[in-house]
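Listed next as structure tokens is one chain, alone, in the form predicted on its own.
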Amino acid sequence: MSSIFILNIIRFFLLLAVQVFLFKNVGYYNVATAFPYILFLLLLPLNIPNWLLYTISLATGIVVDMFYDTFGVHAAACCTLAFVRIIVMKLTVDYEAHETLATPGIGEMNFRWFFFYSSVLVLTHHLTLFMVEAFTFSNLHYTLISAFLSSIFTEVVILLFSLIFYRKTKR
């Protein structure tokens, strides 16, 4: 239990540092930006209580908002991600087949499941993030293109991180 807690704290600070010091300055013509910090929320244990998931998501979003000088945009997107994560988990995971504190990564699940799971959550996060940030429908096509291209960019970065730190676990 404590090793999972310590691993998640280390993962939080590492992904936050990578987000703030590297990916804040990396983008493609202000159209595509990667947000790999959400990998921390994706890899939280399967059976985490909902109230704790929402609290961690809100705190993560607020911390990122402090570094990006946005007022609750990332917090709203992270809470939306937590909501959709709960729904996706209920629809796709057989909790009896996995241990209590299993992490929904490539090692515990399979690649196809992780790709679907992360794609849905990344797209949800980015649509919320860019729609709340724009807060208008006047340039809806630009907002949707930015959200979609940023989702692809983030998904590629998340898959690379997941494959780099891939550990095969016993199923």
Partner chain sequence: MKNIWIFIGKYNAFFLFLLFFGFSLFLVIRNNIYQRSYAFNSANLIVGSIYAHVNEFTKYFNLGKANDRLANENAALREQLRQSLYSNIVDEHQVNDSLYDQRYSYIVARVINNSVHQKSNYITIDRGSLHGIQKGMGVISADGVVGIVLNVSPHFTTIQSVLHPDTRISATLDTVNAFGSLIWGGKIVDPTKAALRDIPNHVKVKEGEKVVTTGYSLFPSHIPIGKVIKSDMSGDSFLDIEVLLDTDFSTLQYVYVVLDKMSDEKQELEKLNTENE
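Here the structure is a predicted model, which means the values were calculated and not measured. Residue numbers count along the first chain shown, from 1.
One more form of this protein exists, namely the form predicted together with its partner chain; it is left out here, but the text below deals with it.
Asker: Indicate whether F116 is a 4.5 Å heavy atom neighbour of its partner chain in the predicted complex.
Answerer: Flag for F116 set to no.
Asker: Using a 4.5 Å heavy atom cut-off, state whether N50 contacts its partner chain in the predicted complex.
Answerer: Within the cut-off, so yes.
Asker: Find out whether any non-hydrogen atom of S146 is located within 4.5 angstroms of its partner chain in the predicted complex, and reply yes or no.
Answerer: Contact check for S146: no, nothing within 4.5 Å of its partner chain in the predicted complex.
Asker: Given that its partner chain is not shown alongside this chain, does N110 nevertheless sit within 4.5 Å of it in the predicted complex, heavy atom to heavy atom?
Answerer: It does not: once its partner chain is placed as it appears in the predicted complex, N110 has no heavy atom within 4.5 Å of it.
Asker: Looking at T103, T128, T33, T60 here, can you tell me which has any non-hydrogen atom within 4.5 angstroms of its partner chain in the predicted complex?
Answerer: Selected residue: T128.
Asker: Enumerate the residues of 39-73 that have a non-hydrogen atom within 4.5 Å of its partner chain in the predicted complex, in sequence order, or give none.
Answerer: Residues within 4.5 Å: N50, W51, Y54, T55, L58, I62, T70, F71, G72, V73.
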